[in-house]
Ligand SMILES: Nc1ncnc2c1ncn2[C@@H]1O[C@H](COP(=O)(O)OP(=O)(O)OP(=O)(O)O)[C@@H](O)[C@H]1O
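Take a look at this one chain, the form predicted alone, written out in C-alpha cells.
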C-alpha cells in the first residue's frame, strides 16, 4: 500500500536531475519512463565511459549506474563522479548480488546498492531517502552560517526561534548586575547559559564560582557558602573563606536553587539585598560585590506555594527570568547539535571525523529525547565510541533510540555476515555497553555487575576500542 502511494506521486524535488548509466536498453527505458513521470529530468548513457563524459559536461543530483558496464565499470564511474562532485548521490544496480561489490561500492561513497530484479518502488524509496538526507545536509550548511554569528555563546548550539529568543534575552541581561533565574528541565543547558551570562558580562575577567545546591549536604552548605571562623565547630581549626568571598567582584552560580534548605534561604536573602553576611561562628559582617545567577528545573512559584521555598526569596530571585525550551521545542537544532557533538567526541577519542548514515540520522531526528540535549550528547558519545567504521550506523546508538522490531531484524541480518568468533566479540561489546549504561558509565559498579575485576573490565574495554586511562583502575 505504502509503495503504491509512492508510485502514484511525484518525487518531492521536481527539478531533480538524474543520470542513468545502463547497457540494457529495456532497463534503461523503464527507469527513464518511471522517473520522468515523477518530475525528474533524465539523461542516459549505455557505457561507463559515455556516462563519465556526460557527467563531465553536465553535473547531476543523482547517478544510477549498473555495476557491470562496457568501458568503465560501475565502481570506476562511482570513483570518478565522487571526485568531481562529492554531493552527487550514486546508486549502484547490478544483476550480480555480490556482498564484496556492495561493501566496496559503499566504501567508495555509493549512497545505496540495489540488486536486479527490483520493483520501481524500491528505487523510488531509495531516491526519496537520498533527497531527504541531502536536504538535511544543505540545511546544516545554512544553519552553520547562521551559527557563526552566535560564537559569543560558547557551546550553546541553536538557530531555532526558541533559541533565538534565549540568545536575545542573554544579550539583554548579561551586562546588568541584576539576579538572573534560569528555568529549564534537566539536560536543557542551564549551566551553559550561566557561563554565557558571565562571559558576556562586565565581570568576565573576575571569578566565576559554581555551587550545586543538590550536591552539598545541608550541614555543610552554610559553611561552604559563607565560610567559618576558627573554632566555629569541631574540626574548624582555622578561618575559612566561603564561596561568596571567593566570588567577590565576580559571579556566583547556584544550580538547582530549589534544593537549598529553608534555613539557609533566609541568610541568602540578606546577602542578595545587602551584599553582606557573617561567617559561621562570627559576628563581623563581611561585605562582597557579587552578581548572582540561579538555575532550577522546578517551578519555584509552586514550590513557594507548597512551603518548600521562601516566597520572599522567590520574588527576589525572579527579577530577570530566562526560560530554556526542551529539545522537542527546538527540533530544527538537532542536526547542528549532532554535528557539534560529533566533532567534540571524535577529537576526544582520537578518531578521524566520523559521519552518520542516513538510517542512523533518521532515528536521531525522530526520537523524543526525554533527557533533552544531555541525552543527545550521551547518545553521540556512545555512538562515536562504538563506531568501528567511518559512519555511525543505528546499531551504534543507544537502545532507546534504535530499539524496534525492524532494527532487530537488521541486526540479525548483520550477524549472518559475521563469523562465530566475530559474533561472540560483538555480543561481548554490546553487553559491556548495556551494563555501563545501566551504571551511568561507573566502571567500578559495572565490573561488579559483570562479575569481573576492574583490571579485567579495563582490559576488555581496551580490546574493544573504548577510550581508557589508568584512572579507570583507581576510581
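Positions refer to the first chain, counted from 1. All of these numbers come straight from a predicted model, not from anything done at the bench.
The same protein has a further form, the form predicted in complex with the ligand, not shown here; the description that follows concerns it.
In short, of 362-370, 171-179, 191-199, 219-227 it is 191-199 that has heavy atoms within 4.5 Å of the ligand in the predicted bound form. The single contact residue among 343, 82, 301, 185, judged by any heavy atom lying within 4.5 Å of the ligand in the predicted bound form, is 185. Among the residues 112, 377, 245, 339, the one placing a heavy atom within 4.5 Å of the ligand in the predicted bound form is 377.
Of the heavy atoms in residue 209, none are within 4.5 Å of the ligand in the predicted bound form. Within 4.5 Å of some heavy atom of the ligand in the predicted bound form lies at least one heavy atom of residue 163. For the chain shown alone, residue 157 is a contact residue for the ligand in the predicted bound form, at least one non-hydrogen atom being within 4.5 angstroms.
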